[in-house]
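Only one chain is shown below, in structure tokens, and it's the form predicted alone.
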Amino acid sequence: MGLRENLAQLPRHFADSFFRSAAFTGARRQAALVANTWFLHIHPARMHPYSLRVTFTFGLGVFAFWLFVILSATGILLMFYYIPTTDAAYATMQDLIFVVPFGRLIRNAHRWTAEGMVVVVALHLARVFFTGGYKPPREFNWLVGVGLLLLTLALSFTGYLLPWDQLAYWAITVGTSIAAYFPLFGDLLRALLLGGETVTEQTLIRFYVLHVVLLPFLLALLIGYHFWRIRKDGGLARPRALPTTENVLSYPRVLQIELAILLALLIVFLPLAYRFDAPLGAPADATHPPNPAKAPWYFVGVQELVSYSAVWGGVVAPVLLFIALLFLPYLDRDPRGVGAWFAPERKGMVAAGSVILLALVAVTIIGALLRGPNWAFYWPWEGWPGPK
């Protein structure tokens, strides 16, 4: 083949070399693309169409993945300007908003994406629970999912302090104070997080390193393992009665779905980031605490429980919930009702999970929206003068 012919076929040659599947055609080529391409290899070559139903998964796992990608991209851009010192942190936030080109948009997108990821990962875990997706052979991947939720919370919590404003300073003060209620190691954990007795520049540096290095690295590892384990465990959980002969090629259909979800996220979060600014209050001031000082919204439910009982609300309830999540797939092994929403065969477990989930939502709403100065209860229509 001469130079002219090679130039004419250049795009195809480039694509074939990139995907390593030039020798195959048709369905065989589509399967080979998944098997031989790095960024597609995480998918199975074929998937059951039941797993692709929007009403079954709502795409929550893919949403969570793309949110992490957006967070990583915007976070890297913010790192070029942010200075993790108490003298410069707040000033760099203001520079991002008023001076740096597109800095306000990037900061807003990062903040709202972080908030959204907490919600989506929690909903994804709830989806797996209510469809029985934690049962054999997927027990260990359920534990990986629990770990992903904890890392997501930790990533959002450590990033909460970085603006170094009043909201961030006192939210972290309250959040780390809750950790001190744990017996034996609570005070040690709080001291390790703070680097002392109070929130200082040492705390800011520690949270910055955790937020931009350690936690994203661990989260990326677990996400990769989580996807790989889904493939090795036979795909998503589905009813056993479904025939496997209906499996369809995952490429390009799954890739198209994933790209559509990314497009949907950008369509939602870019206007959101453009229209609504991430909060930035007055500079952090250790001598003027707000009234009330609240933990970040995803921990304010625990703060609400602590207001009733430090031991039961701050220690017993969270520990029991964590233990229940860890042992759930090893105690509930009945294969009936797997892969179906609210299966009647699992009505007892579904009822128990629904009660716990509604209780968590209720205490979060009460703590976030119905607590005023001195942690007094108030109804929104009564009017609240705001933090004092």
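All figures in this text were calculated on a predicted structure; none of them were measured in a lab. In case it trips you up, residue 1 is the first one in the sequence shown, and so on.
The protein also exists as the form predicted together with a small molecule; that form is not presented, and the subsequent description refers to it.
S.K.: With heavy atoms only and a cut-off of 4.5 Å, decide whether W164 touches the small molecule in the predicted bound form.
M.R.: It does not: once the small molecule is placed as it appears in the predicted bound form, W164 has no heavy atom within 4.5 Å of it.
S.K.: May I ask you to state whether G59 is within 4.5 Å of the small molecule in the predicted bound form, using heavy atom distances?
M.R.: Contact with the small molecule, yes.
S.K.: So in the predicted bound form, is the small molecule close enough to G235 to count as touching (4.5 Å, heavy atoms)?
M.R.: The answer is yes: G235 has a heavy atom within 4.5 Å of the small molecule.
S.K.: Check whether F65 has any heavy atom within 4.5 Å of a heavy atom of the small molecule in the predicted bound form, and answer yes or no.
M.R.: Judged by the heavy-atom cut-off of 4.5 Å, F65 is in contact with the small molecule in the predicted bound form.
S.K.: Out of 199-207, 249-257, 169-177, 227-235, where are the residues with a heavy atom within 4.5 Å of the small molecule in the predicted bound form?
M.R.: So the stretch in question is 227-235.
S.K.: Of these, L71, V128, M93, V212, which has a heavy atom no more than 4.5 Å from the small molecule in the predicted bound form?
M.R.: It is V128.
S.K.: Select from the listed residues L193, A273, V302, M117 the one whose heavy atoms reach within 4.5 Å of the small molecule in the predicted bound form.
M.R.: Exactly one residue meets the criterion: M117.
S.K.: Check for me: heavy atom within 4.5 Å of the small molecule in the predicted bound form, for each of G75, M79 and R107, yes or no.
M.R.: Negative, none of the three is within 4.5 Å.
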